[in-house]
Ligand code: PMP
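Heads up, the chain below is alone and in the form predicted alone; it's given as structure tokens.
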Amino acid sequence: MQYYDSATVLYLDGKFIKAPEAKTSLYSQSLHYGYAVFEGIRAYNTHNGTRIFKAKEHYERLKRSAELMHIPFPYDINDLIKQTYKLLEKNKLKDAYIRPLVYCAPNMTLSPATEVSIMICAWEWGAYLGTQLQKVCISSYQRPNPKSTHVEAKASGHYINSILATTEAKGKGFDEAILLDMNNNIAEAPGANIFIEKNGKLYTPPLGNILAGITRATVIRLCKTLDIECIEKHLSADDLKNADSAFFCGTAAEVIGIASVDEAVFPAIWTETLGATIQRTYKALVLEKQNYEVII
């Protein structure tokens, strides 16, 4: 996929420049050690104009990720939101995926960063996992142990784990993977959180060993709005395989149903599941087709 062309503009350290003209150091800690933090954000073309969904929450998480990883964050969140809207306007984007990245200056040591840069880019991107129900497998790779790193930080280096799990899954003929945590509980997909449906209730892994997804939090709030019981608890692989249905959620993936896990095919018809209800409601929310702003 081509993410930019000669006319594409990005935001870099307070300036808007053409993407092909952007430069960075080959001696950056971020390049050598994966020492950077980022966000994935979406903008939608609503009847109220282009709206960035949960912009403040995403930039607050970016700041929190930087703090956890001892990366300086000398930026004002409200200004970053303002500059992001300008970026969309300059690139004539109404529906877009937005990627802010805070990366570190040249440093070949393993000491904390003292100087950083911020880059924000955007491009048109459909749902990350597509629109078809996903055929997934339990990965042989585990989610990183929370005692080894801050798993709640959206840090660049963490996604090596995600690349390995997705590559393994696709090599076996699956669409995506599901990672377990160090206690063999269901954690998440390489780039999305997971919910399962059983006997009219939704279940999702608790925080602690997973990324605190902004879409995950939105889904939980939608459940309250829709009077759907949603329980956060540890889930085994057997719990997942014996579920009635399941779905992934994330900013890039949005809400996408799962057809099967390994050899287990979910018995429920997707369009009749709680996940499908959440999928429709989430789409209405981000497109501002209904006024959920009071409760979300």
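Sequential numbering from 1, following the sequence displayed. Predicted model, so just to flag it, every value in this text is computed and none were measured.
Omitted here: the form predicted in complex with this ligand. The next part is about that form.
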Does this ligand get within 4.5 angstroms of any non-hydrogen atom of residue 61 in the predicted bound form? yes
Wondering, does residue 159 line up within 4.5 Å of this ligand in the predicted bound form on heavy atoms? yes
Hey, in the predicted bound form, is residue 216 touching this ligand, heavy atoms inside 4.5 Å? yes
Check residue 28 for me: does it contact this ligand in the predicted bound form (non-hydrogen atoms, 4.5 angstroms)? no
Kindly confirm or deny that 139, 169 and 176 each have some heavy atom within 4.5 angstroms of this ligand in the predicted bound form. no
From 104, 189, 122, 202: within 4.5 Å of this ligand in the predicted bound form by heavy atoms is 189
In the predicted bound form, which of the stretches 151-159, 70-78, 84-92, 113-121 has residues with heavy atoms within 4.5 Å of this ligand? 151-159
Heavy atom within 4.5 Å of this ligand in the predicted bound form: which residues of 106-135 qualify? none
